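Just the one chain here, laid out as structure tokens, in the form predicted on its own.
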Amino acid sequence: MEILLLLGIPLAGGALLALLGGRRWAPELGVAASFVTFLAAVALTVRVIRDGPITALERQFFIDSFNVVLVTLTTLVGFTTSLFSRPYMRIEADRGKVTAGALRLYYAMFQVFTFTMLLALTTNNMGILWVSMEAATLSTVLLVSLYRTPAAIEAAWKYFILCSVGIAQALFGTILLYFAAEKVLGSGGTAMLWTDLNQVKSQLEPTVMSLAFVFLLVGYGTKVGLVPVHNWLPDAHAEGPTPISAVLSGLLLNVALYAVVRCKALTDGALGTPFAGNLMMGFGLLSVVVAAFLLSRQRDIKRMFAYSSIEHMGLMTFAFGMGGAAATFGALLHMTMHSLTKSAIFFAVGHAAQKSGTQIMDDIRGLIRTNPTIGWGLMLGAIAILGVPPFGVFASEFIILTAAMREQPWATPFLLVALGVAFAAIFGKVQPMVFGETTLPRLPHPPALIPVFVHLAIVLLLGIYIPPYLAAWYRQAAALIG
């Protein structure tokens, strides 16, 4: 029942908003749909914690401690983003940047995008997982191109072409996975069910599985934003509406990495070697290092934080590839901290760019004077994402780094240098934006930044104290995949 509500509400909300999204109360309808979806996720989480992993609808859906963490996180950030979207998109409409038709498209596709992500997280069928990832790409392409400027259309086309090429690689990997499974499980839909594959993974053909994982990693890794298949991500963030930047960084990248981790579990069982983990560590470490050094070259604030997302997704990919209880726990915690922090940063950035009329960092100065709420939101968000204690990103990065020192000491210097370079680049650019000199007057009408401070408060709390039940939840999820 919970799964039907979880998937049915955003799908129905998308259909309703496609018809009624131009009405004045459409944003409130979107907020209500996102809130009820979040409540359904909470109910599903309670059930999984109480009863353990569950399957539904003839085992086509499977929920365990791993994906229910991401389901709850996805619906929470989706709900807070819908709250942020209300004033943000109304200002964009009042300024003539979007038409009534574009608003209807935005609110409808936001719900459809939520549905595709939740479908990817809850499905037990590896084929449906691929379909839902492709559907997420199609829905977000329309959102990235919402402003219909030449730069936005170019960014949307780049996103569509690169991710379509990537998802085609993932399709080939999925076909190879079915080819390996068919010899063990027989033909039919059950050969694509992850739970069945997991039970017989030691019997799957190692050569076919190694080839399948390479294609799956490249395909889904394109959606994760791993270097060198990351090129779409900065453009999509810079040219799309800011709420879409928040859900791209905070949610979509997580879902794509979730797909990679599910495939890694099968490959590890089939090969009995660290082949999959080594590939993930290589791509992850490359992403961390390259993104860190590209941060200092950015002039657009949304592009800068897009590269920051590539860096953090690389760190998570490295940790999941490393495996083990500690590294996997740290990766799951970092997934949560990054989603909450990065979405909060984009909320603050959206208002800062909207108030200043530009996304160029050199033209944004003295936010602490012109609008203290935006200034403090951006500064605290930047400090949090840079891993300054006592914010939760410090805790997750500390766990990952100490695990790397023990398990993969050769990689630790690269990680430390990259994190140091990223710290200097981001802090050096955000500090004058917030505290620099400005002649602009104080801006009237303080923005609605409750979602920013709610997210940062959760990140701060989890950096100081992780409740025992939450820690047990993460440990259980880590045990399933680590």
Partner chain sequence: MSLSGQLINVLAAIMLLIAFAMLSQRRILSLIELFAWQGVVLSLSTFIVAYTTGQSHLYFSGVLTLLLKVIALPWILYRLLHRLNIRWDVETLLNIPTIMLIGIALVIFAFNLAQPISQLASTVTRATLGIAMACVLLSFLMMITRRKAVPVVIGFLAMENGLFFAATSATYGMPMVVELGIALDVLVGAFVFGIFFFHIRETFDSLEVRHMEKLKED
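If you're wondering where the values come from, they're calculated on a predicted model, not measured in any experiment. Residue numbers count along the first chain shown, from 1.
There is also a form predicted in complex with its partner chain; it is not shown, and the following applies to it.
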Does its partner chain come within 4.5 Å of a heavy atom in each of 148, 155 and 303 in the predicted complex? yes
Contact assignment for its partner chain in the predicted complex, among 203, 164, 402, 358, heavy atom within 4.5 Å: 164
Heavy atom within 4.5 Å of its partner chain in the predicted complex, from candidates 176, 255, 411, 279, belongs to 176
Among 81-89, 386-394, 218-226, 177-185, which stretch has residues whose heavy atoms lie within 4.5 Å of its partner chain in the predicted complex? 177-185
Does its partner chain come within 4.5 Å of any heavy atom of residue 239 in the predicted complex? yes
Give a yes/no on whether residue 329 approaches its partner chain to within 4.5 Å in the predicted complex, heavy atoms considered. no
With heavy atoms only and a cut-off of 4.5 Å, decide whether residue 95 touches its partner chain in the predicted complex. no
Any of the heavy atoms of residue 231 lying within 4.5 Å of its partner chain in the predicted complex? yes
Within 305-338, which residues come within 4.5 Å of its partner chain in the predicted complex, counting heavy atoms only? 307
